[in-house]
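One chain comes next, on its own, written as structure tokens: the form predicted on its own.
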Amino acid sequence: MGNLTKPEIEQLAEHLENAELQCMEVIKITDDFPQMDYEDAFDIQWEIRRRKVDRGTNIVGMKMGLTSWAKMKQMGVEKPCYGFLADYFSVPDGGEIKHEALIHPKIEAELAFVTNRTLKGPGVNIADVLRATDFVMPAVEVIDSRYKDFKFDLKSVIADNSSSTRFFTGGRMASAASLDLKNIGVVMEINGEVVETGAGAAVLGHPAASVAMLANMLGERDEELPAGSFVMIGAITAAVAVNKGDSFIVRYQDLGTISGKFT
């Protein structure tokens, strides 16, 4: 059991969702609720998800966050976090995002796994994920913490749907078996300049480890990753802030490119 009451969880879910929908900065919620634990944080996220579903929003996927060992060490956390992807988060390859619709967006180069069988923890491993993968494709996540100056702790960020806001998909699909997932290289350019490079192993040593960890974390709540899930594995590159007028292109070894623009 968490430490917050059901009304407190509902109140915080409404507060954080309003911050997202109205593009407003807020102060990290653990300042006012220091007693909050990780279970409370996920309860708030699932309550935001429930609110969206009740209004007719479809949940189209899941994302992992803080999936690099370096980032976990930097944040002083022992494991990554996850969030959900709502239908209106999706932007087509080459699409545009209105910069003022977001607070302080950053982009991250990622991969997405699309599954063809149910994965439910505990005990899901890389081999289980690879067997359950229909295909892998490129994705670029736009993160936008609702917290002022991007300052937060892990509990606050989990409650804020792990800073989810938009994502681009594109490039080409490939079977997991046809890719060297650990060594797959990515190059991110903004306005024609290379700003980040990375390889698949930046994500927990192997991209499929991220999907396995998600299935195991969901299993702790008796939830599962259904067949047909779209899962973004977390950042292969560092997150890079984008400004109004910026255009980006991310090149993926063997998987083509994704591009977009902030207007």
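Everything numeric here is computed off the predicted structure, so don't read it as measured data. Sequential numbering from 1, following the sequence displayed.
What comes next is about the form predicted in complex with hexanedioic acid, which does not appear here.
Student: Does the 4.5 Å heavy atom contact test between residue 188 and hexanedioic acid in the predicted bound form come out positive?
Tutor: Judged by the heavy-atom cut-off of 4.5 Å, residue 188 is well away from hexanedioic acid in the predicted bound form.
Student: Closest heavy atom of residue 157 to hexanedioic acid in the predicted bound form, within 4.5 Å or not?
Tutor: Yes, residue 157 sits close enough to hexanedioic acid in the predicted bound form that at least one of its heavy atoms falls within 4.5 Å.
Student: Heavy atoms within 4.5 Å of hexanedioic acid in the predicted bound form: does residue 97 have any?
Tutor: Although hexanedioic acid is absent here, residue 97 would stay clear of it in the predicted bound form, with no heavy atoms inside 4.5 Å.
Student: Does residue 203 reach hexanedioic acid in the predicted bound form if we count a contact as any heavy atom within 4.5 Å?
Tutor: It does not: once hexanedioic acid is placed as it appears in the predicted bound form, residue 203 has no heavy atom within 4.5 Å of it.
Student: Can you work out whether hexanedioic acid is within 4.5 angstroms of a heavy atom in all three of 65, 152 and 163 in the predicted bound form?
Tutor: Heavy-atom distance to hexanedioic acid in the predicted bound form: all three under 4.5 Å.
Student: Would you mind picking out the stretch of 35 to 43, 57 to 65, 222 to 230, 208 to 216 that comes within 4.5 angstroms of hexanedioic acid in the predicted bound form, counting non-hydrogen atoms?
Tutor: One stretch meets the cut-off, namely 57 to 65.
Student: What is the one choice in 79, 71, 182, 117 with a heavy atom within 4.5 Å of hexanedioic acid in the predicted bound form?
Tutor: None of the others qualify; the residue that does is 71.
Student: Could you check which residue among 91, 137, 103, 143 gets a heavy atom within 4.5 Å of hexanedioic acid in the predicted bound form?
Tutor: Selected residue: 143.
Student: Which residues within 100 to 115 place at least one heavy atom within 4.5 Å of hexanedioic acid in the predicted bound form?
Tutor: Read in sequence order, the residues that approach hexanedioic acid (within 4.5 Å, in the predicted bound form) are 108, 110.
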